[in-house]
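The data below hold one chain only, encoded as structure tokens and taken in the form predicted on its own.
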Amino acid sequence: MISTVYSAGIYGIEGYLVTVECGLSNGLPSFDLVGLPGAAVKESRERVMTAARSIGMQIPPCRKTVNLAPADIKKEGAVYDLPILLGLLSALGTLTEPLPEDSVFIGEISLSGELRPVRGALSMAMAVRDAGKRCLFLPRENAAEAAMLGEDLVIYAVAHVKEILDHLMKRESLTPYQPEPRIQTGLEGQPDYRDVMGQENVKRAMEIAAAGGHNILMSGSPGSGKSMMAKRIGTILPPMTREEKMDVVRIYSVIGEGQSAAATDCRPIRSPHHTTSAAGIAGGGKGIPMPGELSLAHNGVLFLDELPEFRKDALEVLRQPMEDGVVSIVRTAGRVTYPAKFMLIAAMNPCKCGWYGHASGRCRCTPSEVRAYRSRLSGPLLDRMDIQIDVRPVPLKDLAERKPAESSEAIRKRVVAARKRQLERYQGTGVTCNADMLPAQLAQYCRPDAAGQALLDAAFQRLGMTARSYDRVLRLARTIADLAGEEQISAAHIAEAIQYRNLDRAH
């Protein structure tokens, strides 16, 4: 007898519907899994058979064949344990009721019959919805992320196989999962910009970067506060839209952290060590490539401290995703494209010893050594940094007075207001911030007045700016105008945007 159960799989962050066909026939006892199963899928045989015995469901010795369709996509993970078990029991006639056509089952089964969480639950739930199915049965730990789809899908959170069997055989019905009300997370207990003494110009640059999603590079001697300010960027970032949150949860679900990602409203902030490889930055691994730091920072912040200390190939990986907002990974197992739209915050010392330009005069680096250190960063990478700012040591007077600075909450209000203007301006275009403006939008919304255009033209000639840096100055000026609540970009906005191109002036 043959039975059919519907399940789902994931490739990259895209889910797809899987048809699990279970057939029983006479012959020597065997258990064959076909349909390009991975190692974890092949091990389902032992888990399923032992779990069946644990719940008192004996599967007699016979020839068992399980086909996972479509057969041309490699299946990874233990997500098919539950549908395989249900399919075998249905083929045996153990289930007194036929398996519902509108339901999908996913979940790993322990040897005792408990359901364990799987990766990619939200993406698979989206695939189930798009396939026209109505119900999804999945492990309890995955219910919160799958329920982000709202009322488009009926979610059943299950802890043990017996619960599903009782439901299917109409002995005891399961109750659809109802997500608990979310509590908005505040800024209490988090690092605050009021703790940063002085550095008003740098805090202003961080505010502009957060408001428009711009990349920022800070250069300064050790102890000047670069890392301190970067670690507080999360307290002034605007909240994510629903679409942004869904994308973030889908990515983190692939690495098994979807539950924690669904429980927070904070944008992701990633801070990899400078020894991280290019594959760790971009993504990769055995089998289907996994997301790297670029994708894990999607819709959030990627903070690279000690930027010149990163391997050159790891830094060059950044260039294409910074422009396109996606990273494509090609391996022998296939090609996967992950979203990678992030705000890059980088910090570096001005020289190898770190004290070049410091008032103490302790730097002993020669000019050629300083140039060699800075040359570790390629011109194309620097050109993609919207804000390039020197971070000077905090004066002793500011340290001694310890005057309270402006709080993160006050800064965040201005950032949120500016980002709201951008969302309204680009509504329906897929663009959410000024840093991601398309060329047509740049021409429409970034027209400075006559004085501003004259100033920009002069700076272009004097600083030897590229077409890319020219456009980035315009985007930056648009954000500065948004923070000021002005529609017209003026010479003052252009002037402030230009003064954030420190490395252009240095070269």
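Treat the numbers as computed from the prediction; the structure is a model and nothing was measured. Numbers for residues come from their place in the sequence shown, where the first is 1.
Unshown form predicted together with a small molecule; subsequent notes refer to it.
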Counting only heavy atoms and a 4.5 Å cutoff, which of 209 to 217, 409 to 417, 95 to 103, 222 to 230 contacts the small molecule in the predicted bound form? 222 to 230
Of R371, R171, R242, R402, which one comes within 4.5 Å of the small molecule in the predicted bound form, counting heavy atoms only? R402
So which of L111, L153, M197, A131 gets a non-hydrogen atom within 4.5 Å of the small molecule in the predicted bound form? M197
So, a 4.5 angstroms cut-off on heavy atom distances: do all three of E316, C351 and S378 pass it with respect to the small molecule in the predicted bound form? no
So, E306 and the small molecule: in the predicted bound form, are they within 4.5 Å at any heavy atom pair? yes
Heavy atom to heavy atom, is V394 within 4.5 Å of the small molecule in the predicted bound form? yes
